[in-house]
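Just the one chain here, laid out as structure tokens, in the form predicted alone.
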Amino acid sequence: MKALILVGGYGTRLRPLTLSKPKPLVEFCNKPMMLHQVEALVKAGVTHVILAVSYRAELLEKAMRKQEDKLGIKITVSIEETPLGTAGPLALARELLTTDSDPFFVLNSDVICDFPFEEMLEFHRGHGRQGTIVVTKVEEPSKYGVVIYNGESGKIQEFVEKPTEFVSNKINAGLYIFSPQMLDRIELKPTSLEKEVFPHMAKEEDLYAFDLKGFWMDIGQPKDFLTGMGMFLKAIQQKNGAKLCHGPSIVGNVLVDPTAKIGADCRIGPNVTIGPGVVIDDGVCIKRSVILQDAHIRSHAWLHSCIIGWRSTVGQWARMEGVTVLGEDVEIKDELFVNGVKVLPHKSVTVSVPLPEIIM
């Protein structure tokens, strides 16, 4: 079986992290974002993964080549010379996707969930039509395009873009499975699956909805990245709590790489991920934050809702909050207050920044 992952754009929503790495390689819970998807696909029987890429393809290809042998699969990079939207990349990869009559998966690379690929495949084969899209329940459907479908059969009737009154609380979760005939609907040009292809498929009764159980999050921007981390850690705790860190300084769900060092009298958690080679000095308090590889948090610093980039340093008694994101190799000097700030790579912050801004 095959899968195509829509890697696409520049990762602008996740800057400044994506100024150093392509978004699919940014670590989410100590593993490159895309690897969560690829490992789940392999578990479901996928042997060939196609990456639809339009930006920094060589970095992505190099990183995924290492995974090929490890996972025993084939990885192909399909490069778009010009961005082709969400449907165009399928037309570009048509020859790769139609070497047999098996259905294939298509995923958005920003999505994190419990990836029910085996169940999706069974459901898709059961209804026998051209397409299955995964739907998930949201609290505020007015922010999304919602999916109207038959609750028993799953047959999709229509899509309603950002409804002003309640019609459904189910939205497209960005995970699909298609039969190869579906590719006849797409030309090799910039095209949107959601706006141009799916409505026609629904009209012809060729599109079904698969209801996602459990958590789901689009982690393409910092605040959602942190929210998704909390959901993911909760799912780990429910399935295999031994993977999480436990100890006198740990509060709630915390994931710590074995090579990280944590000092005395700290309070770490809830909802914290600490990456490889991280050093946390004595008396540090960290809540709802991600500390990426080789970062150093000096004594008595206080962090809430932050992403600390690779090899960055947070000074003694510094206080950081409000979805602050440090790029790679950033230094925050001692005793500063930083709130809702994005700091580009290789910068040094020497004064407090009490209001959200971008430091370039």
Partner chain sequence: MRPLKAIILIGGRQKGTRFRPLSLELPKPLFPVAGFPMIYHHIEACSKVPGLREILLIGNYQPSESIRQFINNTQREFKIQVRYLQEYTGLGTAGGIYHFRDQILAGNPEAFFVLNGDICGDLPLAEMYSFHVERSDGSQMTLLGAEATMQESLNYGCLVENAATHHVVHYVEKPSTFVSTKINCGAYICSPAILRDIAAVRRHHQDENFSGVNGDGSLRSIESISLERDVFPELASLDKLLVFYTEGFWSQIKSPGSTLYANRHYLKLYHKTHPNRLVKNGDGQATIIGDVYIHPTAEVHPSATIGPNVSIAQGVTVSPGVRIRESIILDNATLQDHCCILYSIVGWNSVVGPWSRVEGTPCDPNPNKPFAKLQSMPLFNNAGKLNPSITILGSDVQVPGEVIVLNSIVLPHKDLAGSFRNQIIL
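Worth saying up front: this structure is predicted, and the values here are computed from it rather than measured. Numbering follows the first chain given and starts at 1.
What follows is about the form predicted in complex with the partner chain, which we do not show.
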property: Segment assignment from 168-176, 147-155, 191-199, 277-285: heavy atom within 4.5 Å of the partner chain in the predicted complex; result: 277-285
property: Answer option from 265, 118, 184, 102, heavy atom within 4.5 Å of the partner chain in the predicted complex; result: 265
property: Option touching the partner chain, based on a heavy atom within 4.5 Å in the predicted complex, out of 27, 321, 294, 329; result: 321
property: 4.5 angstroms heavy atom contact with the partner chain in the predicted complex for residue 335; result: yes
property: 4.5 angstroms heavy atom contact with the partner chain in the predicted complex for residue 311; result: no
property: Touches the partner chain in the predicted complex: residue 18 (any heavy atom, 4.5 Å); result: no
property: Exercise: residue 355 in contact with the partner chain in the predicted complex, heavy atom 4.5 Å; result: yes
